[in-house]
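As structure tokens, one chain now follows by itself in the form predicted on its own.
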Amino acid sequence: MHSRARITALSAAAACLAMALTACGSGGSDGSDSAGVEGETGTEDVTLSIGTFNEFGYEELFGEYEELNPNVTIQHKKAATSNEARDNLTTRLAAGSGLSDIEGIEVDWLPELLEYPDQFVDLTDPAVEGRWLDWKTAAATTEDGQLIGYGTDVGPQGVCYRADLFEAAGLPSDRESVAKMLEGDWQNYFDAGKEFVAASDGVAWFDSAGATYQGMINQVQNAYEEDDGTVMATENSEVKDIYEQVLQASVEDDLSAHLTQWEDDWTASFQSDAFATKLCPGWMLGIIEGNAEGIEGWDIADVFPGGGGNWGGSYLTVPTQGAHQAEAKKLAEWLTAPEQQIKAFESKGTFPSQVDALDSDELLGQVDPFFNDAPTGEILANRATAVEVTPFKGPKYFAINDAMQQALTRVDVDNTDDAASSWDKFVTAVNAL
């Protein structure tokens, strides 16, 4: 879908959601107040549904929870992408029914949901006070103190790379040397890419302009909106500079594999020598390992262009539509406890947001055999401490960023526009909001 059509669809969906939820008033389908939790936990048989996306690392944990709670059966619904999960959530919120007992949400569309707190159980509880990093909890807390989501992971980023392809191109390939080579600003990263591409046989430096842009824009405090929600995306010179820089590297310098992240060809590309580096939040490790099964050579360097950067991170919410709110809250609390989050990290690389987990020797001692036995716990902990910017993301962030991704795709993947004409379409799409 092209940018304007896509953004119009998002705007229409948001408008429908707003009208529908305004009509709903407060409380769930059974008339319960969102400040309370319907039902009691006990021994009666109950089936709980949980909706997630990408990789949360929970599959083995579900079985463990069912053993600890023989009366509970868990049904897992996993969307392929964050966008797919968001579309399902907003559609079913507007309809007033059909949501899972627990719904995973992504930080980029969390601000939209904070405008409708009556649709979610208030998860504040003395038992979990101080469990998460302060900023993680604050992002899911309304002005009047309602907590609509329990934090799962955060997304500190390193650089994943194919050591075998680096070596073939004559570049340093051990992770310490790669970190030294890539230390610096984004231009240094792109310059290293030029050297690699010149020495390689048709292998790109990175996978996608869109994914690379995301790593860059997450280092900007106010990219699209002021703190009061005023949209200034199209007037922000920093946004346009990043847009032009990444397209210069992607198209003019031909460093991109010209793929759209999450599409089938992107998934399939991990089975070939399509590209050599990938910006890598912790949750991406499991995705790479799954897509690149059987491929040797992946590693991760303790470095990120421009300093530190966080991409993504999720929450578990309990919609008030659910018939088993108390049991759902109990499961969500258990899944987001430090002990379980360390297990999720070991399974899929989802880096914990829980204070006790971050100090755990078990976490810091984690190594990943697929990534050449890289000390991923230590590397991602270092990357987390390097993060200096927590970008402001208001209610329109998701729609604006989606329009930007479409603008990048038109140039990098579809080859239907040049950078200037695609920027103009981005401006039109944002103005339509």
Partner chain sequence: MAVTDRVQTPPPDTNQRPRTTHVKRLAFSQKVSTWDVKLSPYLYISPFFLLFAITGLFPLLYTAWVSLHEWNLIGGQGAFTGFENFQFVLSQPFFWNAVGNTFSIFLLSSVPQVVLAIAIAAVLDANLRARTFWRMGVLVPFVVAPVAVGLIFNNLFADQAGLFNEMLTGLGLEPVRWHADSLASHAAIATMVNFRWTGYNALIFLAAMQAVPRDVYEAATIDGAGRLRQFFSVTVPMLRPTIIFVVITATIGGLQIFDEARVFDQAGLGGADRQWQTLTMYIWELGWGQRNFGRASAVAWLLFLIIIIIAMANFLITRRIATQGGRR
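Numbering follows the first chain given and starts at 1. All values reported here derive from a predicted model rather than from experimental measurement.
Form predicted in complex with its partner chain: not shown, discussed below.
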In contact with its partner chain in the predicted complex (heavy atoms, 4.5 Å), from 127-135, 302-310, 265-273, 224-232, is stretch 265-273
So which of Val159, Ala140, Ala211, Ala257 reaches within 4.5 angstroms of its partner chain in the predicted complex, heavy atom to heavy atom?
Ala257
Its partner chain: the contacting residue among Asn71, Thr91, Gln187, Ser347 in the predicted complex [heavy atom, 4.5 Å]
Thr91
Is every one of Asp87, Tyr116 and Gln406 within 4.5 Å of its partner chain in the predicted complex, counting heavy atoms?
yes
So in the predicted complex, is its partner chain close enough to Ser200 to count as touching (4.5 Å, heavy atoms)?
no
Is there a heavy atom of Asp368 lying 4.5 Å or less from a heavy atom of its partner chain in the predicted complex?
no
Are any of the heavy atoms in Ala419 no more than 4.5 Å from a heavy atom of its partner chain in the predicted complex?
no
Taking heavy atoms and a 4.5 Å cut-off, does Asp402 contact its partner chain in the predicted complex?
yes
Can you tell me which bits of 412-433 touch its partner chain in the predicted complex, meaning any heavy atom within 4.5 Å?
Val413, Asp414, Asn415, Thr416, Asp417, Lys425, Thr428, Ala432, Leu433
